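Have a look below at one chain only, the form predicted on its own, in structure tokens format.
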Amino acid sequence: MGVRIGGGQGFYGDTPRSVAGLLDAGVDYLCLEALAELTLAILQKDRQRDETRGYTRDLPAYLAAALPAVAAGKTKVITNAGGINPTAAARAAIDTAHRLGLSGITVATVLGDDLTGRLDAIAGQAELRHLESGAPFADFPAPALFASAYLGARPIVDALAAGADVVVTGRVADAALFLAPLVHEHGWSFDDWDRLAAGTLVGHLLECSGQSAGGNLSRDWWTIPRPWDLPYPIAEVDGDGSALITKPPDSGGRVSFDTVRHQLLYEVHDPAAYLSPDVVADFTSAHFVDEGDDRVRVTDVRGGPATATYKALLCHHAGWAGEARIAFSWPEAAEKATATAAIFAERVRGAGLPVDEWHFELWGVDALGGPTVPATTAEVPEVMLRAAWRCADARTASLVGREMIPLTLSGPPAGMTGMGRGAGAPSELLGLWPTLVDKALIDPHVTVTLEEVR
């Protein structure tokens, strides 16, 4: 019998309204994938302001929608919304259940992804290098504000085996949230590489909100039915790893060969070797059959042994940023924007304000597509200049922004409007430092705790 899994969240800030349609359609597990590298940085800023934070603030809203079904035994919830403070997130889950007057729910917390207090010890036992530049850990600009390893499905499987109804984790890899209930329900072993790869591929197809149902579609996006009612996807997965990708009935969107293959390649570097903590999946081996009626069958996924390392993400302070956005209208919109950027930078230099890094974009000309967009001789009707700068301290970053203000009347000719964040408060920049860490240095520290809501 197939296990039905719903992908109810794709990022922090997504809509909890997705949950109702999935629960009405009937899912055995509701997986809420809330994290990205940027999200961890946002959560770190939250925790700096309030040490009880560090998890996604919308978690209670999602659980308020889902916990009545959990208490009724209709579904279970798995989420990595714990971010960099899963203990506090689990407490928020319990508090939400109390607020709803629910009891008898077992909440599990997965810990062990947080490496912050053990970084020096880990670096003393293994060579840590920046995943892209190859820079050694000795060059890391300490102190680490957080350090999170991307765990796999195993501790979630342990939590489910112990009777958890809600599993809250920190930084568990996205697809592992969806793989775990399949391993638990079907009894897959952790060296059954093909089935693990199949479950990982299913997780990848479900992890990004409504994309498998037509959201963010690059091809024929205008043909998606009722895009304002876009549903989130469901997978029904059999014991052999074959899966049916579908969506709640009577909803908008579309599940088709095109929508599913579009999501298959989303955020994938090498589709023949998709690296996850549990398996190296070969997405090119997958066979898709569009059965019609918003049903796509996925079979024949192959995989190979998992790597001996986890990806880890370290975070450090990286200065302060300021930003201004100014719109320019026809004629000579691009020329006005370019000249304003140069004048602004010269005014800042003349004021003696040190800027460590500048960044200028012309929205409407070169910001999004850059050199990939065909050049045109037509004059653009309007351009938005985005000026951003990085300074060593917040005060300097703020003073830099003030140098833009006089250009409202003392810059290039009419057609300039909107000062954006030019006079606003600067924001702290956080630098991310990815690396690989031997699993043997992390796994012994991974724990699962359970608490029943009474």
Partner chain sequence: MSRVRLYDLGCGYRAGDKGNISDVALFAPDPEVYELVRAAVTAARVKEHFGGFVTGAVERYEAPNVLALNFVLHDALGGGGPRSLRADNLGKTLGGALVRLEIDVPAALADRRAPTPDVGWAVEILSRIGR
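Numbering follows the first chain given and starts at 1. Computed from a predicted structure; not experimentally measured.
Unshown form predicted in complex with its partner chain; subsequent notes refer to it.
**Q** Would you mind picking out the stretch of 23-31, 54-62, 382-390, 402-410 that comes within 4.5 angstroms of its partner chain in the predicted bound form, counting non-hydrogen atoms?
**A** Residues of 382-390 come within 4.5 Å of the partner.
**Q** Contact with its partner chain in the predicted bound form for S285, defined as at least one heavy atom pair within 4.5 Å: yes or no?
**A** Because a heavy atom of S285 falls inside 4.5 Å of its partner chain in the predicted bound form, the answer is yes.
**Q** Heavy atoms within 4.5 Å of its partner chain in the predicted bound form: does P444 have any?
**A** So P444 does not count as contacting its partner chain.
**Q** Tell me, yes or no, whether P374 is in contact with its partner chain in the predicted bound form, where a contact means a heavy atom of each within 4.5 Å.
**A** Flag for P374 set to yes.
**Q** Residue-level contact is defined here as any heavy atom of the residue lying within 4.5 Å of its partner chain in the predicted bound form; does E361 satisfy this criterion?
**A** Output for E361 is yes: heavy atoms within 4.5 Å of its partner chain.
**Q** Just one of E127, D229, D191, E132 has a heavy atom within 4.5 Å of its partner chain in the predicted bound form. Which one?
**A** When its partner chain is considered in the predicted bound form, the option within 4.5 Å is E132.
**Q** So which of A342, A121, L265, A142 gets a non-hydrogen atom within 4.5 Å of its partner chain in the predicted bound form?
**A** So the residue touching its partner chain in the predicted bound form, by this definition, is L265.
**Q** Quick check: do Q9, K74 and G101 each get a heavy atom within 4.5 Å of its partner chain in the predicted bound form?
**A** No, the candidate spot makes no contact with its partner chain.
**Q** What residues in 211-242 sit within 4.5 Å of its partner chain in the predicted bound form, counting heavy atoms only?
**A** Contacts from 211-242: Q211, G215, N216, L217, S218, R219, W221, W222, P227, W228.
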